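Just one chain follows, in the form predicted on its own, and it is written as structure tokens.
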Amino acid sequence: MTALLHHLEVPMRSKKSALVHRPARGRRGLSCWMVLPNSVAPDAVPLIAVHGIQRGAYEKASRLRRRAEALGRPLIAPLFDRETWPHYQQLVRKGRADLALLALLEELRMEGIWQTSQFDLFGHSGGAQFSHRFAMLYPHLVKRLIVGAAGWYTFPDATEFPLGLAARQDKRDDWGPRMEAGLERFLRLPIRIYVGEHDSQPDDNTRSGPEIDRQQGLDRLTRAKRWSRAIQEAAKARGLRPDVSLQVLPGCTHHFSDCITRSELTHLVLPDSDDIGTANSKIAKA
């Protein structure tokens, strides 16, 4: 991995990993922060960590660095700037955040940063909105999905997109039906959802209105519970056994830094194995 770093900015290097910033390539390219362990197995699944609306890509990478290097897994934290991707959370709006991420990941694959056919996808707050919609549109690319404290969700129901998967009246796009086409594969994914125990009050960043409040509830805690239940019921309705869990983090608010310092969130995002029982037990002890 060290040989791959010659063209990257390397602001912080330790004996076990490098925390690097990769500038954007091209006018509409994505920059990113990466954690690159010194030793990475060819089958090591990378973690893509997507920031919230404060654009804290560096925070995601730095807070998860020790865990990523301990597991020998590359971590990639893309940065969607405000000007080019003002609504990146909704995936397919101005700038097409989904295509920008796909282009970045292809560049990194060509550079040898990761080699597997799939990646784990994690997002907190606005990043969780992006992540679950990305997994709905590209379920074949995601090995494991971690959704943290999203403000609102796209539900697997017949509500018009983006609240649900039905086509929008008088709109030419068909994003809801496209996601509907891949829904069964999405519902087969291991999906881990978390939200802070005290993330139960709407704030200025909470999208609200009669339709969304009626479907999802008023606050992030309620909305996480309803979305978790909805995707489990959608899986069961198709004869699938859902691999979905919801963790309410004791004593935590909405902020990522609060969630990661007050609970062992790193083990939910980057578990020792895909055994969620292990991660759950560690969260419960926090």
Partner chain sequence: MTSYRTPFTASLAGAKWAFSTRRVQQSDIVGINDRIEEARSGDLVLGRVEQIGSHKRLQLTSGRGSELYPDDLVVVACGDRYAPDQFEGIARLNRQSSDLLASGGVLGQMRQKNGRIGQPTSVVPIGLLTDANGQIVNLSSYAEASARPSRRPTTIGLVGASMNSGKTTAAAALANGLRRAGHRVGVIKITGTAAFGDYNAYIDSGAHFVCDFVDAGMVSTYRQPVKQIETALELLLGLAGQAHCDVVIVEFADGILQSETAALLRSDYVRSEVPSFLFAVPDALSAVGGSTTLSEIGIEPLAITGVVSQSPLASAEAEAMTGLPIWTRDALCDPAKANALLASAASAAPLCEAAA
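Residue numbers count along the first chain shown, from 1. Predicted model only: the values in this text are computed from it and were never measured.
Below, we turn to the form predicted in complex with its partner chain, even though it does not appear here.
Practice item. Decide whether E106 counts as a contact residue for its partner chain in the predicted complex under a heavy atom distance cut-off of 4.5 Å. Key: Yes, contact at 4.5 Å.
Review point. Taking 4.5 angstroms as the cut-off for heavy atoms, does R172 touch its partner chain in the predicted complex?
Key: Yes - in the predicted complex, heavy atoms of R172 and its partner chain come within 4.5 Å of each other.
Review point. Hey, in the predicted complex, does Q118 get a heavy atom within 4.5 angstroms of its partner chain?
Key: Result yes; Q118 sits at the interface with its partner chain in the predicted complex.
Check your understanding: Heavy atom to heavy atom, is Y138 within 4.5 Å of its partner chain in the predicted complex?
Key -> Contact with its partner chain, yes.
Check your understanding: Pick from P202, G182, G112, G72: which has a non-hydrogen atom within 4.5 Å of its partner chain in the predicted complex?
Key -> Looking at P202, G182, G112, G72 one by one, just G182 meets the 4.5 Å heavy-atom criterion.
Point to revise | Every residue of A158, E233 and K236 near its partner chain in the predicted complex, heavy atom within 4.5 Å | key: No, none of A158, E233 and K236 comes within 4.5 Å of its partner chain in the predicted complex.
Check your understanding: its partner chain isn't shown here, but in the predicted complex, which of 123-131, 93-101, 146-154, 192-200 has heavy atoms within 4.5 Å of it?
Key -> In short, 93-101.
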